[in-house]
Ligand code: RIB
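Here we start with a single chain on its own, the form predicted on its own, put down as C-alpha cells.
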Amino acid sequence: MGKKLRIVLDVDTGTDDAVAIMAAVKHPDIELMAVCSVAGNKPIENTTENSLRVLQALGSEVPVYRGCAKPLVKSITPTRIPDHGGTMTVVDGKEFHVHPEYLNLPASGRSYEELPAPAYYVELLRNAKEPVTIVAVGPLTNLAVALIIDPSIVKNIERIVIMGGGAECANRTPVAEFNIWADPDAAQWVIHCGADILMVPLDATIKTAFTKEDAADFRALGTFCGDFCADLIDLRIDADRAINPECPDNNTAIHDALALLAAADESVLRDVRRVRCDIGLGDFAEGATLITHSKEFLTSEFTKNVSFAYSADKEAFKAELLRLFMQ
C-alpha cells in the first residue's frame, strides 16, 4: 500500500459537506489530519457543531478548528453583504431546508480546538515535513487569511482542491456559484497563490446528481454512513421540490463529496482542462468564475492557473461512495 494522502478538509457543514466528511474518514488512502470550519451554508457556530457531530457519529477524534465567521471584505460593504446559503421554505406548516441549522445527529460531546483555523494552517504548513492537500468545499476565507499571513506556506501545499465555481452553471446568482460568491475576494486570492489548483465546479457536480432510487441503494447498505447519506439525499431532494416547485429536478448533487473523492482519485472527473481563471469582484459579475478561452490573452504574466473539471462520472462516483460506506 502506498503512502496515504494527507488532507485537511475545509467545510461549511452542511448536508453535502457531511457526506464529504464521512468519505474522508472512511477512505483507506486518506489521512484526514483536521477539519476546518467556515461560515457559509450556515453561521460558523452551526457549521462547526455540525462538523463535530458527524465526526462523533463516526467515532472519529479528528480535530476540528473553528474558522472565519465572515468573508474577507465583502461584509464591509452593505451592497455586498452575503446571506447564508441554507435556503428554506414552509409548506403546510412544515419547514424544508437544504441545509438545516443542525444535522439530525446527537449534539457533540467535545469542542473545537483553541487555535483558529487560519492559524492552524500557518502552523501546520510552516512545519510540515511532507506536503499537505487541502480540500476546500466552502467559502475560501480560512485559507486566504492563512496565505495573507504567510504566503510562503504555499511551498508545503501539495494541491488545493476546490468545490466551487462554474463555467456554464450557477446556483446563487445568474452567474455565480455560492461558495465563490460568498467570499469572491478570498477565492481570487487562493486561486492565484501559486499552488496546484483543481476546481470541481457545478459543471462537474451536477453530472453526478443522485435520485431517490440512488438513496435507496445507499440505505440498502445497512450501515450508519449508508443510512445517513440516504437521509441527506432525500432531505435535499424534498427541500428542492418544496423551494422550487415549478422546476423540481427530483435529484440532487452531493457537490462536496465529489471534490473530496477527486482529491484521492481524479478519475471520477471528466474533461479536466488547464485554464486561466479569475473571479468577478463586483456588480453583476460578483462571484462569477471567469474563464479565459482566447489564446491571445494568455501571456507569460497572464497564465493558466487552475485545472477545471467540466464533467464527472456519476457511476464511478456513486460506486466509490458505496464502497466507502459499506462499513
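So that there is no doubt, residue numbering starts at 1 and follows the sequence shown. Just so you know, these numbers come straight off a predicted model, no measurement behind them.
Beyond what is shown, the protein has a form predicted in complex with alpha-D-ribofuranose (RIB); the following relates to that form.
Only one of 145-153, 191-199, 169-177, 123-131 lies within 4.5 Å of alpha-D-ribofuranose (RIB) in the model of the complex by heavy atoms, and it is 169-177. Contact with alpha-D-ribofuranose (RIB) in the model of the complex, judged by any heavy atom within 4.5 Å, is made by just one of Ala186, Ala204, Ala117, Met163: Met163. Contact between Val135 and alpha-D-ribofuranose (RIB) in the model of the complex is not found at the 4.5 Å heavy atom cutoff. alpha-D-ribofuranose (RIB) is not drawn, but in the model of the complex it has no heavy atom within 4.5 Å of Thr289. Heavy atoms of Asn41 reach within 4.5 Å of alpha-D-ribofuranose (RIB) in the model of the complex, making it an interface residue.
Contact annotation for 7-34: residues with any non-hydrogen atom within 4.5 angstroms of alpha-D-ribofuranose (RIB) in the model of the complex are Asp12, Asp16, Asp17, listed in sequence order.
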